[in-house]
Ligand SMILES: Cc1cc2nc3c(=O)[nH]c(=O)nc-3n(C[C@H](O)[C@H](O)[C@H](O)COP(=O)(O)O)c2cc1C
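Read the single chain below, which is given as structure tokens and is the form predicted on its own.
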């Protein structure tokens, strides 16, 4: 079974490809939560690197699973550049559960967080062609049940970013906020948020927003469980979800070309 966490489709695309080539199935970590997977012979984990660490939900969801201690377990990190402690941290968690990781590797794809720093993730599509052979190699290694650890060592960058004092400063850099003047209450962000952290609320009666005249009387509101996957930012059809007060250019919105919006909507 291939378990994945995906915000804009990169990890979902990779998980699907591995599952297809290995006659397995790919399932979201959210859908697998609390499942008993103790009879599985192969467990694959595909997730991104956020601030040189695994996304916050990944270790939480993995800790809820009942995993086999004798399965072939592998990890594939999908990232813009560096993995940091994304592999190491999960390996430590799994080890405490009696599970050993046999294989790990990384695959570079367009960096979705680039949009938060004024860069266009769509300018990084060259990574698809450049790293296509690496995915082929990863699939070949998994099919052959090879044991190898690439990019899985502990690193100071991941440790530093995980410090509460540092995290307090870095976390707001990519924290999304709704521009109520642009939001029309379509609900796309609410349905695509993997955390269920976005809801639609009624507009104030005294709202004078020009944009709100196009809405259904509601506006999106982001709660306190954001994990900065930026799915809402990239899929907002009105570019109404901004980062650090900066507008979201439509040309900078990105999602994996092999994945559609409907594939990422919460069930």
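Everything numeric in this text was worked out from a predicted model, so none of it was measured. Numbering follows the first chain given and starts at 1.
From this point on, the text means the form predicted together with the named molecule, which you will not see here.
Novice: So, in the predicted complex, is residue 174 in contact with the named molecule at a 4.5 angstroms heavy atom limit?
Specialist: Although the named molecule is absent here, residue 174 would touch it in the predicted complex, with heavy atoms inside 4.5 Å.
Novice: Is there a heavy atom of residue 91 no more than 4.5 Å from a heavy atom of the named molecule in the predicted complex?
Specialist: It does not: once the named molecule is placed as it appears in the predicted complex, residue 91 has no heavy atom within 4.5 Å of it.
Novice: May I ask you to state whether residue 110 is within 4.5 Å of the named molecule in the predicted complex, using heavy atom distances?
Specialist: Result yes; residue 110 sits at the interface with the named molecule in the predicted complex.
Novice: Does the named molecule get within 4.5 angstroms of any non-hydrogen atom of residue 80 in the predicted complex?
Specialist: Residue 80: yes, in contact with the named molecule in the predicted complex.
Novice: I need the one stretch from 227-235, 33-41, 196-204, 62-70 whose residues put non-hydrogen atoms within 4.5 angstroms of the named molecule in the predicted complex.
Specialist: Result for this chain: 227-235.
Novice: With the partner left out here, which residues of 42-75 have a non-hydrogen atom within 4.5 Å of the named molecule in the predicted complex?
Specialist: Contacting residues: 48, 49, 50, 51, 52.
Novice: Closer or farther: the C-alpha atoms of residue 81 and residue 162 in the predicted complex, versus the form shown, with a change of 3 angstroms or more?
Specialist: Closer in the predicted complex, by 3 Å or more.
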